[in-house]
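The chain below stands alone and is given as structure tokens, in the form predicted on its own.
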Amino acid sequence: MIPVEEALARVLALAMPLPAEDVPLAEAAGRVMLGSAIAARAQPPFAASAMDGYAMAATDARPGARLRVVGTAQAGARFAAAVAPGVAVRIFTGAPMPQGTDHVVIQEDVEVSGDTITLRAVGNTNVRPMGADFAAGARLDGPRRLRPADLALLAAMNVPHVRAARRPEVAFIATGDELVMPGATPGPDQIVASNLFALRAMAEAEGARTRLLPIARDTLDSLDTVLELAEGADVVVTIGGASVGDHDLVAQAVRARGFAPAFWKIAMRPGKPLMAGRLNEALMLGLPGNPVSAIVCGHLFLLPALRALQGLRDVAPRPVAARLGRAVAENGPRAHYMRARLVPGDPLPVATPFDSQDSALLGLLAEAGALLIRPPHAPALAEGAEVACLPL
């Protein structure tokens, strides 16, 4: 068995970044932008009014001043003439500041009489300077997964396309005679396939395209047939059948198709019987069949691999500090990822592990807010001790 950190390093060594492609900005949400985007213009591209009011020279902006209003400026329609001292222009939010003006008195501080205004009070300048948001030539650097705010910024920079990593394609194969798909009628010795759907959702949330392939039965012929359907995928994920039992045939089936192993078995629980390597052009992960084991391994290994395939850096899971909600016993020789409730606390959130950590219990995983990380041979800890947690 190898440590979790070494296993992750070996998985990431297999996850070479995928080729890049041009993506229209309207389709770039959630994509990983590579390189840098450069602003074609400043934002705002001119000094603009930040309020509805009256634009004037700062020297005229004093309580009691009377000014003649000579025109109007609004967003998309500037006042084209220069403004002389002693006059003002009616201006609306977002409009370019007229030449000769550098102060806006808000309309609430002005008394209007025909084409003349009297200033009752004078506050801030209420002007957004040219380039106050960003200058022409400003950069948004990648690699970065594009959030909604990033898309707005890129649009304001007048960037219509981004160079983004191709989305990785993941083929999922559940294995076992005991499985049926949701909606089918299980036989007396069968269960419904479940972890497949969590893993698929996790991969799609990380930017992948996914294929759910038919359940592979416990024969080499069935496994070979389904593996054939996975051709062309960037990542092949099998679920179950990666242990050493008489009916655990995944290793045999993939070796016959050219599988080059990177490791098998990790010093962790849940999830010890995890297999990884290269299946021809694809990265392959053979996950355990127990639901919690498979999903925990998905968080620790599949998601970092998908991030790396898309060109992201610093892709490893990021634990957070928490306080223990109850005492925990000394840990054994394998890292233990305990399902725990995570609630806000001051100064740290509080993580309380469930009494049962059975790797078949999906109900507890659905209630869990984090995985409480217990390193190998960690000592017993009292309630309130600081621990590391991986939020779910």
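This structure is a prediction, so every number in the text was calculated from the model and none was measured. The numbering used is simple: start at 1 and walk along the sequence shown.
The discussion below concerns the form predicted together with a further copy of the same chain, not included here.
Mapping the unseen interface onto this chain, residue 20 falls outside it, with no heavy atom inside 4.5 Å of a further copy of the same chain in the model of the complex. At a distance threshold of 4.5 angstroms between non-hydrogen atoms, residue 186 is in contact with a further copy of the same chain in the model of the complex. For the chain shown alone, residue 34 is not a contact residue for a further copy of the same chain in the model of the complex, no non-hydrogen atom being within 4.5 angstroms.
Within this chain, residue 202 lines the site of a further copy of the same chain in the model of the complex, having a heavy atom no more than 4.5 Å away.
Here is the short version: of 65, 69, 57, 362, the single residue with a heavy atom within 4.5 Å of a further copy of the same chain in the model of the complex is 362. For the residues 89, 193, 235, 302, the 4.5 Å heavy atom test against a further copy of the same chain in the model of the complex is passed only by 193. Remark: of stretches 114 to 122, 174 to 182, 274 to 282, 254 to 262, the one touching a further copy of the same chain in the model of the complex is 174 to 182 (heavy atom within 4.5 Å).
Counting a residue when any of its non-hydrogen atoms is within 4.5 Å of a further copy of the same chain in the model of the complex, the hits in 276 to 303 run 290, 295.
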